[in-house]
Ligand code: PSU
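Take a look at this single chain in structure tokens; it is the form predicted on its own.
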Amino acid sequence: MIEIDVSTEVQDALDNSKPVVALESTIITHGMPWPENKQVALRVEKSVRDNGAVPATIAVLNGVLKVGLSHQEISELAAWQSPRKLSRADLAICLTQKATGATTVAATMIAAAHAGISVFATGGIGGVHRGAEFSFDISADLQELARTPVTVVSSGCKAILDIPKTLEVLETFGVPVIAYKQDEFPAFWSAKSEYKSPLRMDDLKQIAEAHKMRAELGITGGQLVANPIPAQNEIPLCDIQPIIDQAIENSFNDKITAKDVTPFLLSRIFDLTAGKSLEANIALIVNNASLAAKLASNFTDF
């Protein structure tokens, strides 16, 4: 039987209809080095708390699916040697083998839904990789959004991806893509891309009501709320795009594939921007956590 350990704080919030925000853990294990990974994870949790909600960082520790890590558990995970990177395909195996792993967007959504959490904050979702017409490399995050009833707040998809193809797949899967307070779909490190968002909404209460309405209509899946990075923290698209192109060319030349692609590209872009990409990444995830907490407060009446 699956063993889900929901922290006392998170369970108390859920039992008393208080806002809760799910948080992934790959940002801790695969996003940045120790000890900055721990510091950022705690900073993201603080952003949730400062905006009136309870954070629920999710991971698998020694075969137990944990919903709401303690500060000690975050520290241990941040220092863990070679934890698994868990998506829909490997979550059950990690649990069965009593192993330790960090949850991606897809796995975090699954765990959040099991625990009864409706709002999840992340940096950027996965999507269709450039060259997918040859590699067929498409993130499981997109299909999870079509299956699992969790509203995800992110700064769009990661800018290393093929944005128009990602939007097309989300449309095919029937996932609402909602740009928050702007018409353009954000491009992760940049507040705006050259692509129009399918939907725009400025009212968090309406976003929450739309989530509820989908359930009442019997429509599966969640929503993607695309929240632009704050202007003072962004890297303009004209500056970052040539760097992304160079990093992608490097990945092709080095024959990087599957789960290794995103960490390779993010690391290469970090080097090429002299660390500015990581600074922007931290700013946007903190900003997304803040917005997700405000959004989650509109779910407590359901």
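A residue's number is simply how far along the shown sequence it sits, counting from 1. Keep in mind that what you see is a predicted model, and the values were worked out from it rather than measured.
Only in words, not in the display: the form predicted together with this ligand, which the text now covers.
Between this ligand and the residues L61, L272, I27, I248, the one pair within 4.5 Å by heavy atoms in the predicted complex involves I27.
Only one of P228, G126, G101, G222 comes within 4.5 Å of this ligand in the predicted complex through a heavy atom, and that residue is G126. Using a 4.5 Å heavy atom cutoff, V105, K158 and F188 all lie near this ligand in the predicted complex.
Under a 4.5 angstroms non-hydrogen atom cutoff, this ligand in the predicted complex has D141 among its neighbouring residues.
Within 4.5 Å of any heavy atom of this ligand in the predicted complex lies no heavy atom of S47.
At least one heavy atom of L266 is located within 4.5 Å of this ligand in the predicted complex. With a 4.5 Å cutoff on heavy atoms, K259 counts as touching this ligand in the predicted complex. The stretch from 47-55, 236-244, 28-36, 63-71 that comes within 4.5 Å of this ligand in the predicted complex, counting heavy atoms only, is 28-36. Heavy atoms closer than or equal to 4.5 Å to this ligand in the predicted complex belong, across 267-294, to one residue only: N281.
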